[in-house]
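Just the one chain here, laid out as structure tokens, in the form predicted on its own.
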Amino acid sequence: MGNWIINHGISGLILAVWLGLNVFLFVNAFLLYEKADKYFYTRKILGSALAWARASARCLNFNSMLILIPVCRNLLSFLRGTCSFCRSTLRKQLDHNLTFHKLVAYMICLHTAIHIIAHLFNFERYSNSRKATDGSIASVLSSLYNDKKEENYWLNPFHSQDMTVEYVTFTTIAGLTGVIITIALVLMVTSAMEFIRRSYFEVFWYTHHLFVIYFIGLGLHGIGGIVRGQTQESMHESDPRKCEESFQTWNDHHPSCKNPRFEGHAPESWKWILAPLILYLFERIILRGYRSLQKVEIIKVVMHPSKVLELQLTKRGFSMEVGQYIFVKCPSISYLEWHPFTLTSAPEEDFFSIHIRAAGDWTENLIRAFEQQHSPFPRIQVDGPFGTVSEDVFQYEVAMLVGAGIGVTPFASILKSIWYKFRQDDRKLKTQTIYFYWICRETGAFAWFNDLLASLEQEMEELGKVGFLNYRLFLTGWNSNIAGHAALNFDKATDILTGLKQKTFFGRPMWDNEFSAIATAHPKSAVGVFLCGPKKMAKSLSKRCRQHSSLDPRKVQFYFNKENF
């Protein structure tokens, strides 16, 4: 429990504050429109549906204000840098940015549904009260000022009995923008489903940029002023609670009860979304545009097995830390698309590199372009670098690095940096032991960083620090031929599959055994567990971090960290 609080306590607090603000804003707006005299006559037509519509609109504005902040990556990197002196548990909250982005999106969907349903009731009641001939207060209020077009004091937007719900929906600013916003939101949410995002990234990427239409529509949505309340001047002339009973004789026998006059709301949504929208556009248009104009030189191209492309690049003024990532654009393939890739080089190197695996149309086209065109190479544009949780790896005495397939890339940067630190005899290195786990489906993948691991093996032996780096390679996609070949050559000094001294394991790691062994070897250490891999593995490792952490805070504690970008 104590470890869960350390790992997730701040996240839980932030989540509770966010939910609390949503509840507060909803209840506050609901009570305002349900109780305020200004909307006394509006409620006579709409009932409680008015309060439901306005309360959900308030929360929609609030969450629309928040939705862009978690994807302002320059802001997050700046906060990570300025908070470098903070505890890792506090900095780690920045790495939950996409999770929070999704939660805010779900909240927007919820309040959108409430808002639409409430307004469907509102429009139906507006229509019924305008057609009513029973002389009720709702029918009287609906007929006020409809014949005097020069006066904008009407309450019911259905100005004639011939108007239909569909007509008002598609001919008013509020109705039309509401339809457009809803369509844009549905497309963005459905295309963000993991299956579509993983298999058809271009569909997700292009559809997600409908957020521009969403925010424009949201800013314009309130201009029409369909939901109206009594003017302040009219309330002084005709107190609604006193004049309600005499609605049939307004202006006649009761000079103190004149026909009430109504006014629409001033638009509010733009006030909520303006600042984060400016910040986001500044990042994406100004900063990214400036960086994309900076020249990127391709100094080396390497084709690895399993359709993996390595690019070694240089760029003036480029500075990085371990585990960071960049966004890459190739204008000859797509002028608009930017894709994230983890840096596989070390900060000590005079270039930066990325490894790109074929996983979709864009990456396949990029790899094909470099395979077919040797010189000059296609032009590459770079935005970044941006920080990740892996930057904190050297804050722990013991680190567990777990990479699945191409998920090994952030740890390649870390291992390279460690190699340089040992070469330079860096005495500031806090980390005492590293446990590295690389899980691959096919043998060819191990060739990506074989040379790096071999160099580290040799370096550790020469420095007498063989126990510093403990690595395990796991092959999950194998057949009897591969296993038999490995068994026949098991007595050889090097592994038959990788050429390394460490033998390859067949199958998946027995995580309970691994965690138990590390807890035994380091009974009083803080162990940072870093994963770049699938969600299923993240859940498994997070669970074991809690299970194998000691209840005594002075003894071994496992802290789970996952790459998110």
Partner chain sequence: MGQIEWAMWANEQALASGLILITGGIVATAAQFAQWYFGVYSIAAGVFVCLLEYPRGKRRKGSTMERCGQKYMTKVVKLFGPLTRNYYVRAFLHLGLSVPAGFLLATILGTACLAIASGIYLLAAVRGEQWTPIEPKPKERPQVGTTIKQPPSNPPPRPPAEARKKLSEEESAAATSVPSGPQENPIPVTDEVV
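Numbering follows the first chain given and starts at 1. We call the rigid core whatever largest set of C-alpha positions still superposes within 1.5 Å between the two forms. What you are looking at is a predicted structure, and each value in this text was computed from that prediction instead of being measured.
The same protein has a further form, the form predicted together with the partner chain, not shown here; the description that follows concerns it.
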{"property": "Non-hydrogen atom within 4.5 angstroms of the partner chain in the model of the complex for each of W18, G20 and E237", "result": "no"}
{"property": "Listed residue (N470, S143, N74, S191) with a non-hydrogen atom within 4.5 angstroms of the partner chain in the model of the complex", "result": "S191"}
{"property": "Heavy atom within 4.5 Å of the partner chain in the model of the complex - residue from F78, Y290, Y106, F195", "result": "F195"}
{"property": "Interface segment, criterion being heavy atoms within 4.5 Å of the partner chain in the model of the complex, picked from 376-384, 340-348, 358-366, 269-277", "result": "358-366"}
{"property": "Touches the partner chain in the model of the complex: Y335 (any heavy atom, 4.5 Å)", "result": "no"}
{"property": "Non-hydrogen atom contact S199 with the partner chain in the model of the complex at 4.5 angstroms", "result": "yes"}
{"property": "Partner proximity in the model of the complex: F262 to the partner chain, non-hydrogen atom cutoff 4.5 Å", "result": "no"}
{"property": "Non-hydrogen atom contact T169 with the partner chain in the model of the complex at 4.5 angstroms", "result": "yes"}
{"property": "Members of 109-135 lying within 4.5 angstroms of the partner chain, judged by heavy atom, in the model of the complex", "result": "I116, I117, L120, F121, F123, E124"}
{"property": "K35 C-alpha relocation of at least 2 Å between the shown form and the other one, rigid core basis", "result": "no"}
